[in-house]
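Just one chain follows, in the form predicted on its own, and it is written as structure tokens.
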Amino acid sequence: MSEREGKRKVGIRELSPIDVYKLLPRTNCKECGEENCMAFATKVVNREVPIEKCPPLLKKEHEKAYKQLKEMLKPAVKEVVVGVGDRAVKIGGKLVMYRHEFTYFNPTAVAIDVTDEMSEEDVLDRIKRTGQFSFEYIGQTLKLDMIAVRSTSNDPEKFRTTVKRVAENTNLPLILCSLNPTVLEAGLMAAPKSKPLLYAATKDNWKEMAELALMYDCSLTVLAPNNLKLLRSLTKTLLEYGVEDLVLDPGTFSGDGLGDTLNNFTMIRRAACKGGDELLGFPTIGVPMVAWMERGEAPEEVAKWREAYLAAMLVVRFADVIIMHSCDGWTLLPNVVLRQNIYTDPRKPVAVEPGLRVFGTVDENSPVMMTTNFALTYYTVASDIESGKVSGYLIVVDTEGIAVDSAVAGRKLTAETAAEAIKESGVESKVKHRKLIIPGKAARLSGEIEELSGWQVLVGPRDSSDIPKFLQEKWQSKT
């Protein structure tokens, strides 16, 4: 593969529905579920449906067109699958460099490390803490994704024993870490069908590592610290050798090397997404746990803090996998929340289903409240109602996923939509009163809502944390 052959034309904006439509069978058969082939082509370009949803396209006579479409739709950053079964992790698969250009797929996978010199008790404890990590955030359950087994002993037997212990106690995908092919093979023999990510091939061991990746059908990390030219050369060599699923590690450095770290990750992603460089069009892996190796005499808390901010920078700067050492919630939680925020679809507001929600034990005298279906608003309100041990009804109005103040300003929350939501919720048959509590930020709609709905409107607090206090002071006196 020449330098020129390592490049390709990229850019999500360069692909239009017409480009896809021309290669479709154009029968308008509706087997894909769409009204016509142009509608299907539009969804394909927006990555809402795969081209495999078109049955006629999969027939032999359209084989050439299918291959052309697969090539056209290929992401700038290849998608690599690590692990097997339901917990397998997809990494990479990025179409664009910046989130506002389109959207990001496959959130950064977070791995927690164990070593072959830890005691059995410590290894099992870290596996348990990794598997049990869970946090509910605006309707999503945030979890950790992988276990990285590191050989610090360089002893094949110790590594094999540790990998076997880990594989028997978790179904999370594994990253097997050693620069010694003999050690790594011992680990692979302990979990031969787990399809782990191997870490890592270097200029000194690439051939032996490539043989292992091919023999065990694994993805392989390519490591060239702070040397993108070497990283690209190793990638080319491994591809020619037959290893197709690669993950790139340009090195992670804290302290004085932090600038180089972020610059290298950015240049790799820019080369793939903006320059069409297929040799750098692979997922990247960062190792924020180097903060522990470089901490010197600093206390553990300082190492944890450095690891946490380094992890955040890597998530933002295009890392598709990160390996962390700390299991503390205060280091992990900010990063999984950050990851979730970055990997939401910027084209679609994060929304919940509109309708009526019931909290606590309700009766015909229970209060009726209202909010919008913006996910962050809804879950904040719901959390405050639950923590305040409030019993009542909550009408969730469809504002197309927009918060209260913005929905009022943008005419997504109006007296008309509020009145319609009251009717559709069926709450009128559940309570004998006709009193509605609206958010304080929607106060200016109170008069119009009363006129259109026939309900008496009480203007609630601007902050949902004040709902319990408001109900205690105002609801009882009004009913």
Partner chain sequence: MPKNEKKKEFLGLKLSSRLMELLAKLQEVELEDFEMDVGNLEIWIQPGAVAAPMVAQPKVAPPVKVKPTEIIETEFIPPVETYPGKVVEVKLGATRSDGGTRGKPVIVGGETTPAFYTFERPTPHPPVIALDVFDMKVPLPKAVKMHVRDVLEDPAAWAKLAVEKFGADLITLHLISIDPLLKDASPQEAVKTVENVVQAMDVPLVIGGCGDPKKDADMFEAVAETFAGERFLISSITRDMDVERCAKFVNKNGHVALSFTPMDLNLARELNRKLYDFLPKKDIVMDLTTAALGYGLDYAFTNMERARLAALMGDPELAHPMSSGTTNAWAAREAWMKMGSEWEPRELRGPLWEVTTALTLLLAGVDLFMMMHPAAVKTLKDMINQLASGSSGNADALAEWVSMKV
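These numbers were taken from a predicted model, which means no experiment stands behind them. Numbering follows the first chain given and starts at 1.
If you look for the form predicted in complex with its partner chain, you will not find it shown, but the lines that follow are about it.
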Looking at 392-400, 233-241, 188-196, 79-87, which stretch has residues with any non-hydrogen atom within 4.5 Å of its partner chain in the model of the complex? 233-241
Any chance 96, 119 and 246 all have a heavy atom within 4.5 Å of its partner chain in the model of the complex? no
Under a 4.5 Å heavy atom criterion, is residue 469 part of the interface with its partner chain in the model of the complex? yes
Would you classify residue 214 as touching its partner chain in the model of the complex, given a 4.5 Å non-hydrogen atom cut-off? yes
Would residue 321 sit within 4.5 Å of its partner chain in the model of the complex, counting heavy atoms only? no
Does any heavy atom of residue 207 come within 4.5 Å of a heavy atom of its partner chain in the model of the complex? yes
Contact assignment for its partner chain in the model of the complex, among 358, 342, 409, 298, heavy atom within 4.5 Å: 342
Among 124, 228, 72, 144, which has at least one heavy atom within 4.5 Å of its partner chain in the model of the complex? 228
Can you name the residues of 305-322 that have a non-hydrogen atom within 4.5 angstroms of its partner chain in the model of the complex? 305, 308, 309, 312, 313, 316, 317, 318
